[in-house]
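What follows is one chain in structure tokens, specifically the form predicted on its own.
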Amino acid sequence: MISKNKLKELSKYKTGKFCDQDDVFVVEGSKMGVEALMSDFEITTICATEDWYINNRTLIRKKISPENTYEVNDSDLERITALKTPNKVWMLLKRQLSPAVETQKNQPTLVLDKIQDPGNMGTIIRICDWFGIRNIVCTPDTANCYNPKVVQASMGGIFRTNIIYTNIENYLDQCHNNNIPIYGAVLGGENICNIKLNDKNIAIVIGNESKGISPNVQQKITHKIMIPNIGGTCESLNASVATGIICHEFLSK
């Protein structure tokens, strides 16, 4: 069981302020809870309903000590959840330090230029997980990967993807120095359907939802590409949708 004082203590993590302050993030829901248990992230607290605990007790016992695991009911979950409807399990995890960018053999690195919508960010992480892209390099003002909406939208991808916040212009300069091609979707680019990669060790730049790739970053692009507007009526694509199309075209051939 869990005390009222403990519930009060945990409820503060509904706001990003205390998560940032304590260098933690929240994971909620059955699927995401299992993903967290199978990850290499440190879990500091688990609050779960009796049935969820019983179904996952083997994983739980391998991951966290019993004194940091609490059996709760739906009413308890409502006090600590940020979701409209609580879903069986609530976890608090330690954030991981941003790793260095490690070039993956025959695998792209995704570079995000000021992606600001948490839903887009989470979906992009999920797309990278789907296509096996392990490195995402972001501008410092890109949406925080530990934002609860990002974590939920990633559907577990947050646990399998290295997300690095840095000066992407410096990173792209390093790509130039190492002869790594840099692809970015801009007006007047080459039709992506006509491109066949001999080496998939590339950088793919995705621009801001409303402004696209910033001018300074555009100057770093070595290969300008475009997704053909077959319908001819829609003005632009959602950033995460564009990411999915580009990853499919580059990685499925």
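Because the structure is predicted, anything quoted here is derived from the model rather than measured. When you see a residue number, it is the position in the sequence shown, counting from 1.
Below, we refer to the form predicted together with another copy of the chain, which is not included among the displayed structures.
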item: In the predicted bound form, His223 touching another copy of the chain (heavy atom, 4.5 Å); value: no
item: Partner proximity in the predicted bound form: Phe131 to another copy of the chain, non-hydrogen atom cutoff 4.5 Å; value: yes
item: Another copy of the chain contact at Gln152 in the predicted bound form, heavy atom, 4.5 Å; value: no
item: Another copy of the chain contact at Ser252 in the predicted bound form, heavy atom, 4.5 Å; value: yes
item: Which of 58-66, 43-51, 224-232, 180-188 lines the interface with another copy of the chain in the predicted bound form (heavy atom within 4.5 Å); value: 224-232
item: Contact at Arg160, Ile245 and His248 by another copy of the chain in the predicted bound form, all three, heavy atom at most 4.5 Å; value: yes
item: Listed residue (Thr139, Thr81, Asn135, Thr123) with a non-hydrogen atom within 4.5 angstroms of another copy of the chain in the predicted bound form; value: Thr123
item: Within 184-204, the residues that have a heavy atom no more than 4.5 Å from another copy of the chain in the predicted bound form; value: Ile192, Cys193
